[in-house]
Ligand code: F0G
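Next up: just one chain, as structure tokens, the form predicted alone.
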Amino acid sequence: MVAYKSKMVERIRLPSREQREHNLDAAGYNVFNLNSEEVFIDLLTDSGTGAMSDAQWAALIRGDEAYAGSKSFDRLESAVRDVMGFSHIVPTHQGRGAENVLYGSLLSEGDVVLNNTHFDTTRAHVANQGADPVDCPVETAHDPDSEDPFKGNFSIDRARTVVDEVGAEHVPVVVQTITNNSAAGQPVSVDNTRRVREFADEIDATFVIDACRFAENAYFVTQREDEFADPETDIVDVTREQLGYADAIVMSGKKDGLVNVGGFVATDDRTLFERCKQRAILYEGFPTYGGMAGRDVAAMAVGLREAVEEAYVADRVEQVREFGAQLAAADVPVYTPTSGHAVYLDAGEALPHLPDEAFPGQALVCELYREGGVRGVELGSFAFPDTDRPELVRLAVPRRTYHREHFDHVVETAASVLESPEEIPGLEITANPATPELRHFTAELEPLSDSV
């Protein structure tokens, strides 16, 4: 059932194929370098790209722009307490600002951080503190065909192995990302979160939840975890229980905060709160605005409450599921089950003639743009060098933005691209940034002439 209707529209235009060819070459075969007007359907990310509700737009107008003691902050603090259960928050300009504040307060040179799977900015912030980010996914996470309902879970066995190798004293932080974006957006069970909490207590580590997509994860829990299968189970109840096992959460409001900018750290630990607050003053701004305009703080307060409404989140997840089903029906290799925010294509299966070092995921991303003006993002060997991950292409769905005809175009584009997959060339990097964890944002490539 559709949970909303459109009240505003924007014209979009598909550039000619000749223009798309030129744009791709000028961008160095990296779609991050494309201008938005050169893109027809933009599935690069769901982070800050969605449409806000009329209630959020009204909140923008009522936003309090006071430097200190803003009423907008009071509304955000109240929303975080009611929806997520935490009493202290430190607002930031977006999720990576929150990562800087929290991990800069918790980590030192030589530390090891365990995560079900680090995403790109998380990995970079851990490394920036001189710490070592180590992934602990469950075995099914790298199997695109497994129907395990919680492929995003944290592997306690893998984590114990790492602790045995490096010593518990070198593992001060354990992180669980919900949903697990780098593992195809797969959800995490509440039972797994409980067990990670127990593990963190065993090794005396701070347990952090990256809660960017907490509402989508809670919805999957109500659909897939027996303990929460009662139809009367409320999304907020699941959210508060799952997040309540953490010592702190890091949040990008640009995901399940349903806004275009903003984030925060939340905790009940007064000591940690004070440390984060002081660091935030240095990097983000005064603790009651955190790098955001007061109107954006107010809009996020509304968005957090809307994100846990059953009608909204069910519609959100169902739209992504149907998109994935359309692609699969067109014989496009899709990672299953589909996630709550994106459909992940299996580029390794789609382009078997290309080895990982020829970046099959990035090659597929480029062909989707060349063929139909569709922008996705590679999350494989190009984005995550020196890690063992499948070659995936993420087609992230902005919230409350696209409709059936848009997805029809994407499906037609992907099917057309894969009619002759062996003709798609691999790529090589020609310009590489100094930070390997973030190279996919700015690196430039060119086609390999001998890859086909």
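Note that this is a predicted model, so its numbers are computed, not measured. Heads up: residue numbers just count along the shown sequence, starting at 1.
Not on display, but discussed next: the form predicted together with the named molecule.
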item: Partner-contacting position among T121, T140, Q326, T222 - heavy atom within 4.5 Å of the named molecule in the model of the complex; value: T121
item: Of K71, H88, R96, K277, the one that lies within 4.5 Å of the named molecule in the model of the complex (heavy atoms); value: R96
item: Partner contact for Q186 in the model of the complex: the named molecule, 4.5 angstroms, heavy atom; value: no
item: Non-hydrogen atom contact N181 with the named molecule in the model of the complex at 4.5 angstroms; value: yes
item: Any non-hydrogen atom of K255 within 4.5 angstroms of the named molecule in the model of the complex; value: yes
item: In the model of the complex, T288 touching the named molecule (heavy atom, 4.5 Å); value: no
item: Contact segment among 305 to 313, 350 to 358, 121 to 129, 225 to 233, judged by heavy atoms lying within 4.5 Å of the named molecule in the model of the complex; value: 121 to 129
item: Sequence-ordered list of residues in 212 to 232 near the named molecule in the model of the complex, where near means a heavy atom within 4.5 Å; value: C212, R213
